[in-house]
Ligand SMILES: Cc1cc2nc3c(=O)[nH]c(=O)nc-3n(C[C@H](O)[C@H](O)[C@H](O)COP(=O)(O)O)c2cc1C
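As structure tokens, one chain now follows by itself in the form predicted alone.
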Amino acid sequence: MNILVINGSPKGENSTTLKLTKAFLAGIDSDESHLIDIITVTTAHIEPCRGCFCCMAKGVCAFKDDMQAFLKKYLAADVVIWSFPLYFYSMPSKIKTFLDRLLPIYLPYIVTTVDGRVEHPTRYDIERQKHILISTCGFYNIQGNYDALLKQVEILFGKRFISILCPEGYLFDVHIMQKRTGRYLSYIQKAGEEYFTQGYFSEFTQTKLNELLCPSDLFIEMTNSGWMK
């Protein structure tokens, strides 16, 4: 199985979200039988889309940058893992640039879906692809904070995606929280194992992934006191 990880964190290899993603990969690739490729968009040369629509007519973008190779990797992937933190209720700007540059995958024609939406059909058959969103944020819950991002992912991938959303993400860099964050990473790894064997997370694992790393009132106190120094 070809697994493509798109690391969209501005922190690159030092990303907290990538730490979670690597734990998930350890579970999904426990027998090291899969081909895993990680793209770090912050260090890549990706020009922003200019909206010229040359790619929709020809299937090839006018820019000659890293996206040419990335598109080939994307189309060959059986599983695409989107790994990035929540930025301003959405995604970091460079990952949005990557997403915009996927336009060559689509045809210029407009079709109406069974649920009444209009969209561009894909140029390639990628219905086999599964998508996983792994994301951390600096709030203590996801309610109201991930709504816009989740809706966008739902529109793009429909029922072909699953998500792991981890609030209180900065606690993974707090030394005194290592025991608790270590347990959480073990559940992330378990989620990877379950996804590979059955295509979904068990109720027990999902419950553990939804648990806060520390109580909300303590998290707020820790966060706010850090900014008041």
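Remember, it's a predicted structure, so these values are computed and weren't measured experimentally. Residues carry their position along the shown sequence, with the first being 1.
Missing here is the form predicted in complex with the named molecule; even so, the following discussion is about that form.
Asks: Even though the partner isn't displayed, in the predicted bound form is N145 close enough to the named molecule, meaning a heavy atom within 4.5 Å?
Replies: N145: yes, in contact with the named molecule in the predicted bound form.
Asks: Classify G192 as contacting or not contacting the named molecule in the predicted bound form by the rule of any non-hydrogen atom within 4.5 angstroms, answering yes or no.
Replies: The answer is no: G192 has no heavy atom within 4.5 Å of the named molecule.
Asks: Heavy atom to heavy atom, is P108 within 4.5 Å of the named molecule in the predicted bound form?
Replies: So P108 does not count as contacting the named molecule.
Asks: Please determine whether G158 contacts the named molecule in the predicted bound form, using a 4.5 Å cut-off between heavy atoms.
Replies: No - in the predicted bound form, heavy atoms of G158 and the named molecule never come within 4.5 Å of each other.
Asks: Among 82 to 90, 69 to 77, 109 to 117, 95 to 103, which stretch has residues with heavy atoms no more than 4.5 Å from the named molecule in the predicted bound form?
Replies: Stretch 82 to 90 is the one.
Asks: Note that the named molecule is not shown here; using its position in the predicted bound form, name the residues of 132 to 165 with a heavy atom within 4.5 Å of it, in sequence order.
Replies: Read in sequence order, the residues that approach the named molecule (within 4.5 Å, in the predicted bound form) are T136, C137, G138, F139, N145.
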